[in-house]
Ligand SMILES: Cc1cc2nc3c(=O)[nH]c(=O)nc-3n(C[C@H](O)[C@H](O)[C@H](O)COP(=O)(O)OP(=O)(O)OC[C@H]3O[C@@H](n4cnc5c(N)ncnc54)[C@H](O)[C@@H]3O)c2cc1C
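The chain below stands alone and is given in structure tokens; this is the form predicted on its own.
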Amino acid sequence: MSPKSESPSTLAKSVDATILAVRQETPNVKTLTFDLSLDPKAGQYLMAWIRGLDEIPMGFSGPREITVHEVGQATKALANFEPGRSLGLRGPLGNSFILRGDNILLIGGGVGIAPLTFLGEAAKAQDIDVTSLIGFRSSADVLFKQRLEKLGDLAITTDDGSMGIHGFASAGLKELNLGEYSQIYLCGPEPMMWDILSRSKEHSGKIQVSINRYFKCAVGVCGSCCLDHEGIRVCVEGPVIMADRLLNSEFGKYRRGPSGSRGSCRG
């Protein structure tokens, strides 16, 4: 089936999409392929409308794919969609990663590997050298290993030591010289990203970070996703933000939820 296409003028509202395929990646992660050609860039996101339940932000793991980690009611419902099921999509939204230089490093953890893999494949198509450092809790949680191996050197860390280097993703930094890379791209759980960033502050001017905040409107009006103290609206000025803008922000310290009150940066 040829993908449907939507003109940019229709993307301010949800458009109907049909799930074409569902691929099980790990016990609690699935990739959904849909029939719309939204022409996203790696790092952008869409708002997925699960009718009767919620609308949630999802990063692209490919031109017509999202990769879903079952962590809450909405994501569990989305992960249970089967081929032929429809949902509303609004996007692509936000700023993408920007490819710079000829030698890049991808650092990710968990389902944050998804947009980085999409980016790495775009970089490879432009003959850019790609190195990847990815971290997971265990070998059972490893995502997109084969896709990343096709791009270049790959280092894997696991918290329990069941694959690769024993430890958090930052344990893999000792195997790398960050000064060798023209640009570094970071995505994953916020504590993991802050751990990486706090150890590499001298390189923050060349680190692009994809961050997650609570989105309501996704058009920059409601302020739910604003970062203290600068007031960055993550939904429109992000989700990709240069790391040097995050060093003195709330990033890695706390985040706001649906009520606007501060909570753990873990979610």
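One rule holds for the numbers: they count along the sequence shown, beginning at 1. Owing to the predicted nature of the structure, the values given are computational and were not obtained by experimental measurement.
Here the subject shifts to the form predicted together with the named molecule, a form of this protein not shown in this document.
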*Does the named molecule come within 4.5 Å of any heavy atom of residue 162 in the predicted bound form?*
no
*Would you please decide whether residue 208 lies within 4.5 angstroms of the named molecule in the predicted bound form, comparing each non-hydrogen atom pair?*
no
_Touches the named molecule in the predicted bound form: residue 59 (any heavy atom, 4.5 Å)_ = yes
*Find out whether any non-hydrogen atom of residue 72 is located within 4.5 angstroms of the named molecule in the predicted bound form, and reply yes or no.*
yes
*Quick one: which of 190 to 198, 73 to 81, 147 to 155, 173 to 181 gets within 4.5 Å of the named molecule in the predicted bound form, going by heavy atoms?*
73 to 81
*asked:* Please identify the residue among 212, 204, 26, 31 with any heavy atom within 4.5 Å of the named molecule in the predicted bound form.
replied: 212
*asked:* At 4.5 Å, heavy atom to heavy atom, what parts of 234 to 251 sit next to the named molecule in the predicted bound form? List them in sequence order, or say none.
replied: 239
